[in-house]
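Take a look at this single chain in structure tokens; it is the form predicted on its own.
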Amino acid sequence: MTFRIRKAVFPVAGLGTRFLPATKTVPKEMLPVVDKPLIQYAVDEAIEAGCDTLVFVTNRYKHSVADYFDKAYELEQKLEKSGKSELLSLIRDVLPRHVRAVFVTQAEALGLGHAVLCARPVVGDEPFAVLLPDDLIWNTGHGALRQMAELAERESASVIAVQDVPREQTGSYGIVATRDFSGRHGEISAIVEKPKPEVAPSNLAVVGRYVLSGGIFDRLAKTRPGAGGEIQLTDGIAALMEKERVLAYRFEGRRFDCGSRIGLVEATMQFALDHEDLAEPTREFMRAALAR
């Protein structure tokens, strides 16, 4: 079986309560970092990795994500009549012509594992990617998912992105133990959801990028709900490991946890500093602010 991925799943059904009241009407995936919403960065990363079918798992109340990727006829006509070709291309090119967007509804908030399982009718049994837009990964080279996709294809195995976290923070992540770690990757021997620091098998934390075998769907379908009545993706991966290799990969790049307010602020500063037009004004503002 080849592990070349063509489909990417984006679980975007969450309520974004950390950003209330803003997320009362604006989904957290649509919160901007400089001039693009979080979901656009994740989509761009998936397309760079070779994906041409994007599956958005949403809830019945979220229309903004679908509207963002749909045509905006009235706005396009106004920009065209005004001769604003650069702005027109920005809104027309959120998706390349060869890429399609598919929207699937998660009727109940039953966890990340359940959200991924909802994408099965579109994905089928082939390998696919999962990207959590909350985790924005900045890198000057290839995106994290492309790095992972190349490893998955080379090793014919599922790949999970990991990063080192302080031991006291293991209770906020899925944590993996590995064997035969070489360079940036190693085979996962155990995966535990949010363990206490004293029992965590390591400080290697799972972050929001996955390349998974289609076999994960059968495991998720048999996974019983855990704490809070949710089906954990971690449990499905643990079951998958009984039959297939799953690799942990320390990606090149910096992750920003944009599910937190400080993470969104940090990401905005980093991307502003990396922006051709904004870099110097941002540095000047930061110098002035720090001098006060």
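This structure is a prediction, so every number in the text was calculated from the model and none was measured. Numbering starts at 1 and follows the sequence shown.
Just so you know, the form predicted in complex with 1-O-phosphono-alpha-D-glucopyranose exists too; it's not on screen, but the next bit is about it.
Undergrad: Report yes if any heavy atom of Thr234 sits within 4.5 Å of a heavy atom of 1-O-phosphono-alpha-D-glucopyranose in the model of the complex; otherwise report no.
TA: Contact with 1-O-phosphono-alpha-D-glucopyranose, yes.
Undergrad: So in the model of the complex, does Tyr210 come within 4.5 Å of 1-O-phosphono-alpha-D-glucopyranose, heavy atom to heavy atom?
TA: So Tyr210 counts as contacting 1-O-phosphono-alpha-D-glucopyranose.
Undergrad: Find out whether any non-hydrogen atom of Arg255 is located within 4.5 angstroms of 1-O-phosphono-alpha-D-glucopyranose in the model of the complex, and reply yes or no.
TA: Contact check for Arg255: yes, within 4.5 Å of 1-O-phosphono-alpha-D-glucopyranose in the model of the complex.
Undergrad: Examine Phe217 and determine whether its closest non-hydrogen atom to 1-O-phosphono-alpha-D-glucopyranose in the model of the complex is within 4.5 angstroms.
TA: Phe217: no contact with 1-O-phosphono-alpha-D-glucopyranose in the model of the complex.
Undergrad: Have a look at 101 to 109, 180 to 188, 218 to 226, 167 to 175 and name the one stretch with heavy atoms inside 4.5 Å of 1-O-phosphono-alpha-D-glucopyranose in the model of the complex.
TA: Checking each option against the 4.5 Å cut-off leaves 167 to 175.
Undergrad: Thinking of Leu131, Glu150 and Glu153 as the candidate spot, does 1-O-phosphono-alpha-D-glucopyranose come within 4.5 Å of a heavy atom on all of them in the model of the complex?
TA: Answer is no for this spot.
Undergrad: From the list Cys118, Ala200, Ile137, Val206, which entry has a heavy atom within 4.5 Å of 1-O-phosphono-alpha-D-glucopyranose in the model of the complex?
TA: Spelling it out, the residue with a heavy atom inside the cut-off is Val206.
Undergrad: Could you run down 175 to 203 and flag each residue that has a heavy atom within 4.5 Å of 1-O-phosphono-alpha-D-glucopyranose in the model of the complex?
TA: Residues within 4.5 Å: Glu193, Lys194.
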